[in-house]
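First, one chain by itself in structure tokens, the form predicted alone.
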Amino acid sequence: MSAVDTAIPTPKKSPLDVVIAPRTENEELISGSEAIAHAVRLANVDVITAYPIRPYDTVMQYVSKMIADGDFDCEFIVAESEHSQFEIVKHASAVGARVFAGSSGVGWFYAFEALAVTAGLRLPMVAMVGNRALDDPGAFGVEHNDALAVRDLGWMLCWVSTAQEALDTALIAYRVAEDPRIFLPCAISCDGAFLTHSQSIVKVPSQAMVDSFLPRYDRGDKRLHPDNPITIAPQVNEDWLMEMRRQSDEAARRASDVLIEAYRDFNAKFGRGGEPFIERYMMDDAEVALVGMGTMAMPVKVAVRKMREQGKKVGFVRVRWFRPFPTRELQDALADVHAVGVIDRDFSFGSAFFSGVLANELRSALYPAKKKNQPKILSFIAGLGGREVSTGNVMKMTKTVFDAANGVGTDAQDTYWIGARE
């Protein structure tokens, strides 16, 4: 459906309908940004807006090339600012268009008014955040604070670690965000440079495969249209605001079950996808665990393998979906470990224990587990501004976690800055 099409959309398939299309895919050497561009093409997105800011801008470059080559038909609008681009797709979503936009760092913040309103209006925009440090001082390297800023507004929020996962997750994000039980926006976070600009082999599915998985976007009687007079963004003040917030909360609570449905269907059709909310790596007999998000997974996994060769029982849990937060999954994954080291590529100045955001979320998730020997939780802040996190850094953090597990000279309430000059 184009952005100006006024026809009433065809009925949406049930998310439980599983139709297996022939599994036809091409392998391509592409970056994470190009993988996202392929995903929005395969999703038949109607309206895409753009405003250049590194490292996100490579996505709009790939999209514009697809359009110029005749491989993709959509309304591609270059706005005069990040704020305007998110306003444009917000309104396009309200009239029934499937939309996409994205930004990075301070550009994401410049659009913040539109981002907050999009969630409040229950518009299922899918956006990409090319994670980048917030100015000043000026920096283009990856940090996670930009995307994390929307975590309490009603946005679904996830981090991917590979270009393949970026493509697959974008398709899943449209399926879940546009489900009538949800109608919430979703931000896909891709670490700047490490993922947005790094190439790897990616399986790009056929259009038929994607069409069998992703139904058309259908707002039903919530579509803004001359033949369907409804009010969008009414002024409600104290009369109805709490009820509307509670409705959004109920949708956020339903998101976990809808994500499980979508991953189950995706796994059946594409033969991959894995566990929806977290990834477990060498956790079966782990005595201690590291937890992190995004491309941090690569050096951590290498270090974990090396330490396993040395007989050290350490595992890794990668958080894939931050909103909805995988509370039950993390409780299960970490049930038998003695200590946990959380590696944050973000900061939360003045927070409890002066920890990173993920560390304090994990403390909250594990607190009600009512276990006699609660795992000690240590907070590590590393890799800010795109600084490399080496296997040596990971091994140093792991030693600290083992010390905490054994009660040796380590305070689990401390937060450790790794790789920072004194």
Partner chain sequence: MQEAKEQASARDFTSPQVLEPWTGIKKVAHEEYYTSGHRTCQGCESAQMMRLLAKAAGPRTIVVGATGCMYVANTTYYSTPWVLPWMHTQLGSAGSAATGTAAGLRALMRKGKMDKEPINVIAVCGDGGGADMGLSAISAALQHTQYNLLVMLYDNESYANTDIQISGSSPYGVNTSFSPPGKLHRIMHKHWKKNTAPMLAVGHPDCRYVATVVASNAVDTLNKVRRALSIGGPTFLHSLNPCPKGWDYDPKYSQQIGELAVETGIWPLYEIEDRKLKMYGKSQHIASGVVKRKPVSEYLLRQGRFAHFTQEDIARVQARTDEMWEKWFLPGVIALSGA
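Positions refer to the first chain, counted from 1. Predicted, not measured: the structure shown is a model, and the values here were computed from it.
The following text describes the form predicted in complex with the partner chain, which does not appear among the structures shown.
* Are all three of 163, 173 and 201 close to the partner chain in the model of the complex, meaning a heavy atom of each within 4.5 Å? -> Not a single residue of the candidate spot has a heavy atom within 4.5 Å of the partner chain in the model of the complex.
* Are any of the heavy atoms in residue 121 no more than 4.5 Å from a heavy atom of the partner chain in the model of the complex? -> Result yes; residue 121 sits at the interface with the partner chain in the model of the complex.
* Is the gap between residue 46 and the partner chain in the model of the complex 4.5 Å or less for some heavy atom pair? -> Residue 46 belongs to the contact set for the partner chain.
* To do: Would you please decide whether residue 276 lies within 4.5 angstroms of the partner chain in the model of the complex, comparing each non-hydrogen atom pair?
  => Residue 276 lies outside the contact set for the partner chain.
* Although the partner chain is absent from this view, report whether residue 149 comes within 4.5 Å of it in the model of the complex, heavy atoms only. => No, residue 149 sits far enough from the partner chain in the model of the complex that none of its heavy atoms falls within 4.5 Å.
* Answer range among 230 to 238, 342 to 350, 292 to 300, 256 to 264 for contact with the partner chain, defined in the model of the complex as heavy atoms within 4.5 Å -> Stretch with heavy atoms near the partner: 230 to 238.
* Which pick from 285, 309, 80, 71 sits with a heavy atom within 4.5 Å of the partner chain in the model of the complex? -> Residue within 4.5 Å of the partner: 80.
* Asked: Since exactly one of 107, 192, 96, 205 fits, which has a heavy atom within 4.5 Å of the partner chain in the model of the complex?
  -> The residue from 107, 192, 96, 205 that makes the contact is 96.
* To do: May I ask you to list the residues of 87 to 107 that have any heavy atom within 4.5 angstroms of the partner chain in the model of the complex, in sequence order?
  => The stretch 87 to 107, when checked against the partner chain in the model of the complex, contributes 87, 88, 90, 91, 92, 94, 95, 96, 97 at the 4.5 Å heavy-atom cut-off.
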